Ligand SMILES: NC(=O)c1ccc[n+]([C@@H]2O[C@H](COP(=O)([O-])OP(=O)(O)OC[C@H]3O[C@@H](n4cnc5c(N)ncnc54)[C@H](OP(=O)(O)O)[C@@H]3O)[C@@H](O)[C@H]2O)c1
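Read the single chain below, which is given as C-alpha cells and is the form predicted on its own.
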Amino acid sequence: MTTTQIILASRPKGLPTLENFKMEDVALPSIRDGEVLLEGMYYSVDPYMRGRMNDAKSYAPPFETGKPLSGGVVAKVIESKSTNFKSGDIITGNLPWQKKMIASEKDIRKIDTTIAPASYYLGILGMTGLTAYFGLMHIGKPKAGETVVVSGAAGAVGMVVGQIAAIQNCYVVGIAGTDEKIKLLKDEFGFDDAINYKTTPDMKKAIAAACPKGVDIYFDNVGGSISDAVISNINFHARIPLCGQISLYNSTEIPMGPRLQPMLLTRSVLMQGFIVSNFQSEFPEGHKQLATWVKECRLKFTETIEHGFEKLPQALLGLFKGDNTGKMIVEV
C-alpha cells in the first residue's frame, strides 16, 4: 500500500515558502499487533510548527528534512489490530502529514462526535482549547471585574481565551488585524471591545482608552510592538501568560524593543511562559470543563478550513499573514 506525504524539503530562512515543502508517495508496511491503519480527515496547522522547521533546540524536537511534518490530526480507523479500536472509529493524535498512516494504539484516542464536530478536537476541544484554558485559568487566574487583554484575539487560542475570560465576568479587550475580525469578536464572541492594530497609529493610547482601569491580565500570543504597548498599560500585580510570539517567529535577527523588566519589577507583575504539555496531568479537567461549556453554548468557535491535502503548506504559511479567523484546518 502506498500513501502520499508532505515532507520538509529544506529549512527556511525567515518566512517559509512553498519551496520548503515537497509532496511524495511512499510505501506503508503492514500493520502489526497493537497498531491501526488510519485515513486522515482533518489536519491542524499551528504557529509552533514554524519553530520546529529550524534546526534548533526547543521544547519539541525539530522536524527532520526529508521526512514528513507532523501535527494534530483527526482520522478514521480503516484497519485495526488493536483491541481498543475498531474500523470506523474516529480518533485524534499527533500524526504525520500523510493521507494514510499507521499509529500505535497508545498514541491516539477516540473522540466523541456527538458533543461537537470532529474538527473541533483539533481546536476548542483539543490542544487549542486546553492552551487557552490552562494559560488563562492557571496562570492568569482571572477575578470578576478585572480587565483582560488578548493579542491574536481572532486566532484559534485567543478567541477561546476571550470567551473564558467573559465567563469569569472579566472585561475583555481583543487585538486583531482586520475590521471584520474586530466586528466578529464584539458581535459573536462576547468581547467588550477590540482594536485593529493595523489601522491604529498609537497602540499605547488606544489600549489606555479601551482599558480605563488598566490591564490586569495580558494573554500574549504575538509579542513585538503590540506587547510593548499593552505592557506599558499593565497594572500592579498583573499576570501575563506568555503563549506565543508569532510576530517574531520569522525574524532572522533579534529586533530591539523596550526594556520591559523595570516595569515588571516595579509593578510586581508575573510573566510566565508555558506550553500546554506543562499541564498534561490535568488534561482530563480541562477537557471536561471545555466540553461542558461547549454543550451549554457558552463557548463558540469558528474555523478557517482549506480543502485538499495538498493545501497543508499553504495553510501553514497563511497563519503568518493572518489568513485565518479561529482555527486553521485542512480538510481532506
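Since the structure is predicted, the reported quantities are computational estimates derived from the model, not experimental observations. One rule holds for the numbers: they count along the sequence shown, beginning at 1.
Another form, the form predicted together with the ligand, is not on view; read the next lines as being about it.
Taken together, T131, G152 and F274 are fully in contact with the ligand in the predicted bound form: each brings a heavy atom within 4.5 Å. Though the ligand is absent from this view, in the predicted bound form it lies within 4.5 Å of a heavy atom of just one residue from F189, Y171, F85, Y249, which is Y249.
In summary, among the residues L136, C243, V74, V215, the only one with a non-hydrogen atom within 4.5 Å of the ligand in the predicted bound form is C243. Only one of 175-183, 232-240, 112-120, 138-146 places residue heavy atoms within 4.5 angstroms of the ligand in the predicted bound form, namely 175-183. Residue contact check for P47: one or more of its heavy atoms lie within 4.5 Å of the ligand in the predicted bound form. Put simply, G322 is close to the ligand in the predicted bound form: some heavy atom of it is within 4.5 Å. Residue contact check for M203: none of its heavy atoms lie within 4.5 Å of the ligand in the predicted bound form. The ligand in the predicted bound form is approached by M127, whose closest heavy atom lies within 4.5 angstroms of it.
Shown here without the ligand, the chain has no residue in 10-44 lying with a heavy atom within 4.5 Å of that partner in the predicted bound form.
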